[in-house]
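Quick heads-up: the structure tokens below are two forms of one chain, split into structure 1 and structure 2.
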Structure 1
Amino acid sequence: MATRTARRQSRRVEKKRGARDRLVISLMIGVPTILVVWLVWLPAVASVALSFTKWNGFKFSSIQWVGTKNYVDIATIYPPFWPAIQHNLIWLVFLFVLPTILGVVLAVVLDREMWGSRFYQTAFYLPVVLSLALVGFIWQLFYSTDQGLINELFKGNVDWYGDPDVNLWAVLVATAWRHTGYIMLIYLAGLKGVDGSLREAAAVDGANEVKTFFNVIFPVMRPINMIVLVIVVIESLRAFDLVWIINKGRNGLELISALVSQNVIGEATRYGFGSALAVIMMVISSVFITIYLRIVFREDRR
């Protein structure tokens, strides 16, 4: 008897809670869903739809359906497109090769707590705090053809930001200056978290420093490596600010993100054309996002 009443009571409580919970839950799910749909999915779908139109941004009635014309134009008669794809790829490879490896090496060295490591840590990390716009300005002082430090020192006459054969690399160096510190800090934090006994065990087994790092530390750092990987991919896809402030992504500094902006921000109002470029960028990003998610899910399943 007693248990029965209790059960019934508890069921009633459950029901009562259920109503309130349902409200809370539906709010907690509903509000973010609306936001995500409104701010992410709607614009994304609208971009895809707009990419098949010609629109000057005024009045919805002026939208004209043009089919795949924008995509055809981009691939055939729009000169900056293929260079942009190429530059984005160079950007990706470069970020992987130079700043990432350099950042890891710096982290390993600084992790050894030698004299002054705090100072170096701060010095290397400092550029990360700066906005890329500011980074561009600082490097302009080095790169300016007539008044820059580099040409002044080496009596050169290289047009660092203007020569289309050189300027991408000049910009990549400036980016690397900032990116290295970022990778270094993330890696340093990871290294601090590595269990000291692993190193001791490796040392007892007679492994040297290099072997310890590649065979013990590096595998243990797998989650950090994953994060670094993702950061590099994201950084190279969204690379934009630096080239934009230098020359709006023209003349050797074409990047897809800059091309999108050229066409829709400012006085040019090629919303359809710009959307088509954005969709191409979205497709490329999705490839990387898919790969990343697959790896993460596989990890979870383990």
Structure 2
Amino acid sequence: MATRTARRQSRRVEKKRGARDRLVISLMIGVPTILVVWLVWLPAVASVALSFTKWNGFKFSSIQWVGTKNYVDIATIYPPFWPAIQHNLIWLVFLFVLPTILGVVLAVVLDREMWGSRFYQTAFYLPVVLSLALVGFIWQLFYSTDQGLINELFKGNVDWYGDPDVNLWAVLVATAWRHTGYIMLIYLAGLKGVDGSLREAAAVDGANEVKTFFNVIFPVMRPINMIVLVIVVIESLRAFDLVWIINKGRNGLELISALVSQNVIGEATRYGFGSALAVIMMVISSVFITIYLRIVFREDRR
């Protein structure tokens, strides 16, 4: 009799635990799914749908279907679009060449556990925790026309943020100051995970440090290289804060993200036109992300 009672109690406990586990699993899966659908997929689908319409953003009844007219107008009669594409490409190449290479060099140097390496890691990474808007204000101390450090040193009077011939490069230097520390940290983490026996084997074969890095270490970090490539592409496409805080993406600082904001929350309030620009930016980003995922999945299968 006691044994049967114990079994019944055990079954009740197991049922309660099973129900509680199912509830916990449902919440762990359901809540993130709802948030992703609500905050990511619904806005994305809405942007695609609005890109084929004309809407001022006030009344849903004023939405007019225009088909592909927004995309045609963007490519043919919207002057800032092609300069924005060019500037985004320049942004991509610049970030990939200067701050990425500099970040790799800093990671290799700091990986040697030199004296004060912790201090240097913190110092180089510190700009990463700052917003790009704050980075723009900090670099204003260098770029100011009247009291900027650069003009004071070289006795010049260059309007670094206002001159359309130089403001893009000035902004890119400020961006590189922040981006270099980010790349350095990623590669530094990758170098810490490289098997030390690879270095020893290369040293036994008579390879110097440069050959060891390019022929042994760098190929091993191929996943890190792909991550950095995707990060650089995404950073170049979503660059917004710095140019917006300077001149709202005008006068030589046209970027796709700034054009989206100008048409959606600017004076024009053309939600359909701005959504079409956002879809173009999303498609470009998706191409690189898809390539990255294919490479990652291919490596996992191997």
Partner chain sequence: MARPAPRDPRFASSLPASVRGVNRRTLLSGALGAGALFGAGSLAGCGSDDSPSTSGGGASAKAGNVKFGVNEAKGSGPAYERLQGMADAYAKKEGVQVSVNAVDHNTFQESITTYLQGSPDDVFTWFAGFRMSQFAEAGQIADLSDVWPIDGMSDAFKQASTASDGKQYFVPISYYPWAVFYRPSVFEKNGWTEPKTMDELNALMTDMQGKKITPFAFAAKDAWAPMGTFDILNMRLNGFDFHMQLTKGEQKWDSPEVKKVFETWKTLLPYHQENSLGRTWQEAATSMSKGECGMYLLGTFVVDGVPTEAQEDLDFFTFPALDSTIGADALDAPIDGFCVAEGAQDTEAGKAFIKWLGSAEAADAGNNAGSAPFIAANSGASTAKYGALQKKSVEVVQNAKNIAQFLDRDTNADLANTVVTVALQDFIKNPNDIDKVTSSIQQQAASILG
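Note that the coordinates shown come from a computational prediction; the quantities given were computed from them, not determined experimentally. When a residue number appears, read it as a position in the sequence of structure 1, where counting begins at 1. Note that the rigid core is defined as the largest set of C-alphas that superpose within 1.5 Å between two forms.
Student: Looking at the two shown chains, say which is the form predicted together with the partner chain.
Tutor: Comparing the pair, one sees that structure 1 is the form predicted together with the partner chain and the remaining one is not.
Student: Aligning on the core only, does the CA of Trp41 end up 2 angstroms or more away between structure 1 and structure 2?
Tutor: It does, since the Trp41 C-alpha is displaced 2 Å or more between structure 1 and structure 2 after the core fit.
Student: Just checking, between structure 1 and structure 2 and with the core aligned, does Val204 shift 2 Å or more at the CA?
Tutor: The answer is no, as the C-alpha of Val204 shifts between structure 1 and structure 2 by less than 2 Å after core alignment.
Student: Quick check on the domain motion between structure 1 and structure 2: what's the rotation angle of the smaller rigid part, to the nearest degree?
Tutor: Treating the chain as two rigid parts, the smaller one turns 12 degrees between structure 1 and structure 2.
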